[in-house]
Structures are given as C-alpha cells and as structure tokens.
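Take a look at this one chain, the form predicted alone, written out in structure tokens.
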Amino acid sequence: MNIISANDVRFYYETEEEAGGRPLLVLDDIRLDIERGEFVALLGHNGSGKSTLAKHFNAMLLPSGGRVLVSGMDTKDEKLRYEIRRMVGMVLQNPDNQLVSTIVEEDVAFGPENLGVSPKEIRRRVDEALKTVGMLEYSDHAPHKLSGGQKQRVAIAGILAMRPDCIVLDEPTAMLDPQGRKEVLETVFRLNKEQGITVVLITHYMEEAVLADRVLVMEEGRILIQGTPREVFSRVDELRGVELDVPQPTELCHELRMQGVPLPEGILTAEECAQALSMFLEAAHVGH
C-alpha cells in the first residue's frame, strides 16, 4: 500500500517584481508512489526540485496543481494537516534548526507535548526514541554541546517520539564529518529495516543512495530516472549529463570497461569491484 502518492503535481514559486513577477515553475507533472516500508533516495543537483518535492510530503508546501495524498489524505485538506505532519516527520540539513530546548530529553518531548500526549506516555516515548538512536545516556545533556552527528540523531529522536510512519530527511549528513555521517546513516537504515519506517532520503552522497530500495533522479522539476540503485547507477553517461556522480567503484568499473576490460554492469560497492577485478585477473592468468 502507498503511504505517499503524488498525482500530476505542479508547483510554482511566486517571484519578486524585480525578477519579472512571473510564477516560477519548480515541479512539473510529478507522478510518484512511495510504498509503506520503502527506502527511497532522491537525487538531483541544486535547483532540481528535490527539496521542494520533499516538502510536499508533509504539507509544508501545497501543490499549485495536482494532488499529494498521505495514506489517502489530501494535503490540501486543512483539517487533516495535523495528522499528516504527525505521520510524515521531516529532518532538516542543519540539526540546530530543529533543536528547541536546552536539555536533550526536553527537546525530544517537544513534539509529543504539542500532540497532547499524556506525561507518562511522553516519558516512555522519549526514553524509547533516545534509546533507538543510541542517545539515551545523553538525555540530560545540553544539545549545543553535542557533536553534529549526535545533534542530528537527537533531531531524529524528536521525530520518532511523534510515532511517524515515514521520515523525510533533507540532506541530513551534509554538514557532518565522516563519523557523524556514519552514525546518522546507520540509525536511518536500522529504523527502516527493523521498524519498517518509510524513509525518503535526499542526498548528494552516492554511497548513501546505494543503501536505498529505489533511487529517483530529478532534473528541472521532473523525475528523470528511477529504479533500483543498480539500474540507476549503471546509466553513468546520463547521470553525468545532469551533473551527478556515481559511486566510485561504479565509476572505476565504467572507465575500465571503456578501456576494454570485460567487467559486469551494475557494480556498486568496493567489495563488488574487488571481486569482479579478482575474477578478471584470475581468468586472464588462466588464459595465459
């Protein structure tokens, strides 16, 4: 069953008078279904429309044309918006923009309190959410003293405490060091695989997109390519044409194939690359 459906969605931004005053088309005829429990990666260079699309998934933005449905609820229906935002939580690029309290556990409690959850249930949810993201021991710490990766995990815990069915993450690792990125990605992957939470991940890092069930590539407000990571990243020249990279092992194998080395398509990881090269070298050795 679909948790999110976009049906012929268009979206215009109103421009300033000095820019001509004409509406700017940002999303054009988007048709998309995201299934419950799916992990979807959304790619595209800056200005492709991916963040604008993601903000339609929890009614932060409303379509200028077409409809967005969340579990069958139309985001344009004002009476349903509260429930839609509880169901689809959003994690932003800069965790400082989502941390509102001076103590970690109070920050995580903020969402459930606004939902009118009882104090006893809030206590249970806060502890459970912090434990899920590996931050329970920091419950009485000041958020501003945490590392970037820890702050982002607290932001995710704040969303989890609201019991969402889907989490949309808008470049959550862009401002983090490699360790922070690893912490956040492992948390997101575990939430998807162990708890069945639907994940929509906007990222510039191709090795993060490799973890997804499905990859969507956006260009000029449209969905240009979609498929499994293997299907999408095998289209190296098309991705380069819209200024996107591919995972480094994929890039290496593509370049070697261009030089006549018979390596298989669809290689995504360093391990797969090493195995394919090893098999090629063994075959070449046997041939001699």
Partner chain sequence: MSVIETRNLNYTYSPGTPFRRDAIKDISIKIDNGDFIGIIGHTGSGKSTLVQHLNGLLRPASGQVFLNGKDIWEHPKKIREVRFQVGLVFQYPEHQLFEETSYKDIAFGPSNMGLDADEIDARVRRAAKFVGLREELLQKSPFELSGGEKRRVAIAGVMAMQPQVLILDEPTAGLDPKGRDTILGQIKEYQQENGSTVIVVSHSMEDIARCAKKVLVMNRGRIEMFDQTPAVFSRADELGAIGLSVPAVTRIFMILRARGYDVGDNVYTVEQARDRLLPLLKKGGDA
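Numbering follows the first chain given and starts at 1. This structure is a prediction, so every number in the text was calculated from the model and none was measured.
There is another form of the same protein, the form predicted in complex with its partner chain; it is not shown, and what comes next is about it.
Enquirer: Contact with its partner chain in the predicted complex for His45, defined as at least one heavy atom pair within 4.5 Å: yes or no?
Expert: Yes, His45 sits close enough to its partner chain in the predicted complex that at least one of its heavy atoms falls within 4.5 Å.
Enquirer: Mark Ala174 yes when one of its heavy atoms lies within 4.5 Å of a heavy atom of its partner chain in the predicted complex, and no otherwise.
Expert: Yes, Ala174 is a contact residue.
Enquirer: Looking in the predicted complex, any heavy atom of Glu282 within 4.5 Å of its partner chain?
Expert: Glu282 belongs to the contact set for its partner chain.
Enquirer: Even though the partner isn't displayed, in the predicted complex is Asp33 close enough to its partner chain, meaning a heavy atom within 4.5 Å?
Expert: Because no heavy atom of Asp33 falls inside 4.5 Å of its partner chain in the predicted complex, the answer is no.
Enquirer: Among 33-41, 218-226, 239-247, 57-65, which stretch has residues whose heavy atoms lie within 4.5 Å of its partner chain in the predicted complex?
Expert: That would be stretch 239-247.
Enquirer: Only one of Arg81, Arg123, His204, His141 comes within 4.5 Å of its partner chain in the predicted complex by heavy atoms, so just point that one out.
Expert: Flagged contact: His204.
Enquirer: Give me the residue from Lys76, Lys193, Lys145, Lys131 that has a heavy atom within 4.5 Å of its partner chain in the predicted complex.
Expert: The residue from Lys76, Lys193, Lys145, Lys131 that makes the contact is Lys145.
Enquirer: Just to make sure I understand: among 262-281, which residues lie within 4.5 Å of its partner chain in the predicted complex, judging by heavy atoms?
Expert: Those in contact are Ala270, Glu271, Cys273, Ala274, Gln275, Leu277, Ser278, Phe280, Leu281.
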